[in-house]
Ligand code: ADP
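Read the single chain below, which is given as structure tokens and is the form predicted alone.
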Amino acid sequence: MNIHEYQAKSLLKKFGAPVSDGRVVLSADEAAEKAAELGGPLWVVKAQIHAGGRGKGHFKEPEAGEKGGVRLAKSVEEAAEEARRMLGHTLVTKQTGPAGKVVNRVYIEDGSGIERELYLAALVDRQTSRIAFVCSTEGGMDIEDVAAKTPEKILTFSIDPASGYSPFHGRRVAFALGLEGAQIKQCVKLVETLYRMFLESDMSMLEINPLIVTDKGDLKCLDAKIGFDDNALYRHPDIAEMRDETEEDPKELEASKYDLNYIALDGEIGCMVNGAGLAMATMDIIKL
């Protein structure tokens, strides 16, 4: 199960990770009020959909404007207007496909002065059966290009569950990211926080992109994408309540009601199998 950025930020804040103050907007009528609750002088207005690449995306409807799904505003009024433009309109990104996704909620948060954009993620490494951390000095919207063209700029290592997290794991990330001074101590604390979050919440993926160094020299999680293990949601009713069914494929949603692991794909051929490995093999045979 995936959640929205604003939900991920609330979870990060709960565990003590550094994030900006923000407000979620569900209707155009409350946009100005929510924006006014923040300090300014810069606001960031973000469309909330379960897809990456929002900043480089575009809206299908002309009235939404030509900007992407992440916009800067220099006044409460401008922030409210950008939120109104996004709500109810369809945002298309690389990850949504040409159909796009309708924006039903918008997140308005305080702007941040950015010195550097970094990348930090935790995920389940199925090859080692461990939690792995992935980090890079090349954070931001082009991380996929970095992985494809310059993979040497991405460091990956796993944490042995028998010994658990140690401060040297955080220092390893800090040195890989080129951090210095007080930033190293902040990084050690942040990596420990993310590791604890991952375990205690039964996550399958936690991506901070970008992790920024602010103009004051501090670390901050500027964006966050989190996925949870569906099989463990019964242990986390508070997380299960975050599920946004409007973001899910209707067929996958219907199948989940009967505990079926259905994955919607393009085309007219479907497979009914009883294991992930067999499913992959069947797909390969059909393609061949």
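All residue numbers are counted from 1 along the displayed sequence. This structure is a prediction, so every number in the text was calculated from the model and none was measured.
Below, we refer to the form predicted in complex with the ligand, which is not included among the displayed structures.
In summary, among the residues Asp110, Glu78, Asp160, Glu192, the only one with a non-hydrogen atom within 4.5 Å of the ligand in the predicted bound form is Asp110. Contact annotation: of the candidates Met205, Met141, Ala147, Ile184, the single residue with a non-hydrogen atom within 4.5 angstroms of the ligand in the predicted bound form is Met141. Mapping the unseen interface onto this chain, Gly227 falls outside it, with no heavy atom inside 4.5 Å of the ligand in the predicted bound form. Using a 4.5 angstroms limit between non-hydrogen atoms, Leu222 touches the ligand in the predicted bound form. Using a 4.5 Å cutoff between non-hydrogen atoms, Ile114 counts as a contact of the ligand in the predicted bound form.
Of the heavy atoms in Asn209, some are within 4.5 Å of the ligand in the predicted bound form. Look at 259-267, 44-52, 246-254, 27-35: in the predicted bound form, residues with non-hydrogen atoms within 4.5 angstroms of the ligand sit in 44-52. Residues of 250-266 that come within 4.5 Å of the ligand in the predicted bound form, judged by any heavy atom, do not exist; none qualify.
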